[in-house]
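Listed next as structure tokens is one chain, alone, in the form predicted on its own.
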Amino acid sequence: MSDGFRPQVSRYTTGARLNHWVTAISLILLAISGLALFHPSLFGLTALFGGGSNTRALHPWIGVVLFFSFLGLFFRFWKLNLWNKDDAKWMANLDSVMKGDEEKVPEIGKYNAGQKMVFWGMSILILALITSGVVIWDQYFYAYTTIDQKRIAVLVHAVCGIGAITIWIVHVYAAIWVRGTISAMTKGTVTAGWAYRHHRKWLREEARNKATPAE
């Protein structure tokens, strides 16, 4: 039976999905341009941005777009990502989740513990990236920081960049691994069966309050 014959539950508004994809595309462009500038062996990637000079000029501006786009996601979803006692139990039974046996974990709200860790991890790393990025953005801020501060900022920026790429890879893998997840960010809906299996508490809340718009 196709999804068209299955009850659908609204999970994300059009605005939330657009916000997500702007953030995702910005992060991918930043990762590619950042890696191109990170090591000579990857310098060939600068051709995608019109050369080394263009890459160096565009990279920080893409970072600004990422920061403000992610800020929009943060304000949309931070309350839903607050940690609670069910998240600790979910993590304690992670092996069952990995085996597809989610009956052994508490009913989950809109986001599980893994998704919350991705959210807060990205929140911290993106804040560190924009802060360290400004310190080394010499075109506009050269005179405001010392050489030693710039050196520390370069190290912080590189480490946080690798951390953000790693979390992004985990996020994408999890979205592919949990069948039906990607459609939530493409169509905005999930099947009621998917919601019941993975986010039962959230589904019950939606059923009790259908008038509440999806975030």
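In case it trips you up, residue 1 is the first one in the sequence shown, and so on. Since the structure is predicted, the reported quantities are computational estimates derived from the model, not experimental observations.
The discussion below concerns the form predicted in complex with ligand HEM, not included here.
- Proximity to ligand HEM in the model of the complex, defined as a heavy atom within 4.5 Å, singles out one entry of I162, V172, L42, V154, which is V172.
- When ligand HEM is considered in the model of the complex, only one residue from V135, I126, V97, I108 comes within 4.5 Å through any heavy atom, namely I126.
- Of the candidate stretches 100-108, 74-82, 141-149, 127-135, only 74-82 contains residues with a heavy atom within 4.5 Å of ligand HEM in the model of the complex.
- Remark: all three candidate residues (T23, I28 and W168) come within 4.5 Å of ligand HEM in the model of the complex, counting heavy atoms only.
- Ligand HEM is not drawn, but in the model of the complex it has a heavy atom within 4.5 Å of T181.
- By the criterion of a heavy atom within 4.5 Å, M185 is counted among the residues contacting ligand HEM in the model of the complex.
- In the model of the complex, ligand HEM lies farther than 4.5 Å from every heavy atom of W90.
- Contacts between stretch 91-122 and ligand HEM, counted in the model of the complex as any heavy atom lying within 4.5 Å, involve Y111, Q115, F119, M122, listed in sequence order.
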